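Only one chain is shown below, in structure tokens, and it's the form predicted on its own.
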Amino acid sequence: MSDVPSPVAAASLPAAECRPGWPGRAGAAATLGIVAILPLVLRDSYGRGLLIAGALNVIQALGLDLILGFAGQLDLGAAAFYGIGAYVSTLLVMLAGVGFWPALALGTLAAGVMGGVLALLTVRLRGHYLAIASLGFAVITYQVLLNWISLTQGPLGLYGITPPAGFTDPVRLFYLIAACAVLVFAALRALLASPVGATLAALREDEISAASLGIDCRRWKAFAFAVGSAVAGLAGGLYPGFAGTLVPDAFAPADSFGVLAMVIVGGIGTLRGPVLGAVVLTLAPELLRGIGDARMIVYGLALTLVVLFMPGGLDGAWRMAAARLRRNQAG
């Protein structure tokens, strides 16, 4: 982007909220160690499948957090870009004979391009108007996947999808998807530590003030949407090899709200928060399965309490608890 503010102008921009969400070296090493051990501890196929689902959700939540938390754009179309990445990559492999890795890259690119195009078409919309437009795009995408039977097989779906060569074992597949999640986290961290982070923060805080500093808000909205949508497309491209099937219902518009909940519960605009939110909201329904039908009531109540009493999400609560502990130790 050629319109990144000059150093003088950048000094007046609000800092991107990246400070609290990034672990130090010790925290990163501990996290990676836990990730490496988990599939060895959970030896049953169900547990390992849950880990893979959690890793996919982490990637999706990180992509949405870039759009919502750092660029301040309310996107309710996450499921659409997830589906675009899944179908484009899978159809390229099944119908065109493209290898998995090029197909994954093209599916990711397709989702990113569609996200950028959507942002350019809705550039004058903000707040709930933008949310409605993105949700409408999710509905349209779902209907296309459902009704373009000659290409997608519609509700019958695509079957016999296999993981990429060398990753047919669930443990290796989990490591692949978890590695992609780590790379996405690291890439977004580097991006937001650059002047791009301050530019997106200025766009999020006040578009008029950002424009007065020479920022092309239209282009930066499209940039944020494109990158965040590409991340969702990457997760989508990794999904079919795990599921083995591809049906439109896996990308229903309502699923976008699930990804949004992960970002909000974890902590918007922190990077670490969406990771926490994705892990917790992936595991919580399964941990509550023992109480039967009441689990969804407990789950919904817990979500409501987090939103009401933890405005900074789980990450914000963690930081407040850590700060209080440091004060007590110092005192």
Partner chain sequence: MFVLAVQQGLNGLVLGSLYVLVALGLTLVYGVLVQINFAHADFVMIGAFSAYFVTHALHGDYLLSLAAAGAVGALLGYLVNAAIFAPLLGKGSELRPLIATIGVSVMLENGALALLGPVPYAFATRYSAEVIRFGPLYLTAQSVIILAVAATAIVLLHGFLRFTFLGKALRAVAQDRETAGLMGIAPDRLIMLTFIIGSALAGLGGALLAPVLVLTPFAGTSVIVKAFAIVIIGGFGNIEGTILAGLLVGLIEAMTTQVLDPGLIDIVVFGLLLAMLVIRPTGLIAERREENV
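Numbering follows the first chain given and starts at 1. These numbers were taken from a predicted model, which means no experiment stands behind them.
This protein has a second form, the form predicted together with the partner chain, left out of what is shown; the following refers to that one.
Contact check at 4.5 Å (heavy atoms) against the partner chain in the predicted complex: all three of 68, 124 and 133 pass. Judged by heavy atoms within 4.5 Å of the partner chain in the predicted complex, the contact stretch among the candidates 162-170, 83-91, 96-104, 138-146 is 138-146. Scanning 287, 28, 297, 34 against the partner chain in the predicted complex with a 4.5 Å heavy atom cut-off leaves one residue, 297. Mapping the unseen interface onto this chain, residue 41 falls outside it, with no heavy atom inside 4.5 Å of the partner chain in the predicted complex. Looking at residue 301, you'd find a heavy atom of it within 4.5 angstroms of the partner chain in the predicted complex. In the predicted complex, the partner chain lies within 4.5 Å of some heavy atom of residue 74. Residue contact check for residue 268: one or more of its heavy atoms lie within 4.5 Å of the partner chain in the predicted complex.
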